[in-house]
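This document starts with one chain, in the form predicted on its own, laid out as structure tokens.
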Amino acid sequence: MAGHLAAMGFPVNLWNRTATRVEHIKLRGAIELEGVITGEGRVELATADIKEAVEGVDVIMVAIPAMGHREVAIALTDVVRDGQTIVLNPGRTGGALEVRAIFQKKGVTADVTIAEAQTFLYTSRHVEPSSVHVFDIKNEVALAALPAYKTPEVLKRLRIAYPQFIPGNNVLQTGLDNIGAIFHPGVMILNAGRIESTHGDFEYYLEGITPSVAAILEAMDKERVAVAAALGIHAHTAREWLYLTYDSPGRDLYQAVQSTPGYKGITAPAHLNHRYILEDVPMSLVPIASIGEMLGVPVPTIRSVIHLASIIHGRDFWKEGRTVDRLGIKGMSVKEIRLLAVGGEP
């Protein structure tokens, strides 16, 4: 994202929590792009100092795994100023709600707009310290602000660089249209033996999602869509999302995945200690299940994947994850949750 924005001519400051991660970019001054985007993006600044990075900027694009959102939100509390927009790329499920809850708890008074994208715009992989391979750019990605009435204002700022961003109804929709919740942890858990024995030497989507795996993913997907429906949200199924995002046809999820050219060449992670579990279980599956259980929606398949992931890693992802308590919506009615998403207050 930093490289592409800079290559398009926008002034970009790049920040990372770890100084060594930006050291090469700082020395080189640029990020090399290959794949469907080629060229070089020269950044204005590469730093591990968040205050330096956000000073004087209008838009703060947070493009990190969602388990880092809490830490970044806390770091931003002392440095944000009036008029800035924070965009989570993506929010996974409940990202904007969690950041809002943290800002409230920390007493942030700056007039800052929080928004989240439904998924990451790019299908890409980090190649070397200062280079990236971009496999594809999605046709469209829904984006919503919290509160929802600020979404047009955020889109006006972003679409000068990213016309792919389209309005989402609200952060409930973007969060529950989180397809990574389906394609990441489930595929990892169901291919655990293969990943450990081959160190990821297979195509993650095209080989990892067999007809049987796809059937389990579709069961998870039905539960996600049902939780959304309980909140009055029409969520796209994973199969519908593939068609809208990549023009991928198919009578079922397996066929749709196999007809997605953007997935060709994407290999599986080499180990299970990966964000597809460490991020997507606590930050995607846990909030979906937690909201579902609060609203009386059965989520047995999603619960099973959370449980299996916790066994594999020897951790309680339910306790670590975005439960309704951490999202600041515990005990709220559907009406109150929707009022919060649309108007900013229940």
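Computed from a predicted structure; not experimentally measured. Start at 1 and count along the sequence shown; that's the residue number. For clarity, a rigid core is taken as the largest C-alpha set superposing within 1.5 Å between two forms.
What follows is about the form predicted in complex with another copy of the chain, which we do not show.
Undergrad: According to a 4.5 angstroms non-hydrogen atom cut-off, is residue 244 in contact with another copy of the chain in the predicted bound form?
TA: Heavy-atom contact with another copy of the chain at 4.5 Å: absent for residue 244.
Undergrad: Report yes if any heavy atom of residue 232 sits within 4.5 Å of a heavy atom of another copy of the chain in the predicted bound form; otherwise report no.
TA: No, no contact at 4.5 Å.
Undergrad: Does the 4.5 Å heavy atom contact test between residue 236 and another copy of the chain in the predicted bound form come out positive?
TA: The answer is no: residue 236 has no heavy atom within 4.5 Å of another copy of the chain.
Undergrad: Can any non-hydrogen atom of residue 211 be found within 4.5 angstroms of another copy of the chain in the predicted bound form?
TA: Contact with another copy of the chain, yes.
Undergrad: Look at the candidate spot formed by 301, 308 and 311 and say whether another copy of the chain comes within 4.5 Å of a heavy atom in all three of them in the predicted bound form.
TA: The answer is yes; 301, 308 and 311 each reach another copy of the chain.
Undergrad: Out of 161, 190, 226, 134, which one falls within 4.5 Å of another copy of the chain in the predicted bound form, going by heavy atoms?
TA: Exactly one residue meets the criterion: 190.
Undergrad: Heavy atom within 4.5 Å of another copy of the chain in the predicted bound form: which of 155, 272, 79, 102?
TA: Checked against the cut-off, the match is 272.
Undergrad: Based on heavy atom distances of at most 4.5 Å to another copy of the chain in the predicted bound form, which listed stretch, 89-97, 68-76, 143-151, 191-199, is the contact stretch?
TA: Among the listed stretches, the partner-contacting one is 191-199.
Undergrad: Relative to the superposed rigid core, does residue 270 relocate between the shown form and the other one - that is, does its Cα move 2 Å or more?
TA: After core superposition, the C-alpha of residue 270 moves 2 Å or more between the shown form and the other one.
Undergrad: Spell out whether the Cα of residue 157 moves at least 2 Å between the shown form and the other one when the two forms are superposed on their rigid core.
TA: No: residue 157 shifts by under 2 Å between the shown form and the other one.
Undergrad: For residue 197, is the C-alpha shift between the shown form and the other one 2 Å or more after core superposition?
TA: After core superposition, the C-alpha of residue 197 moves 2 Å or more between the shown form and the other one.
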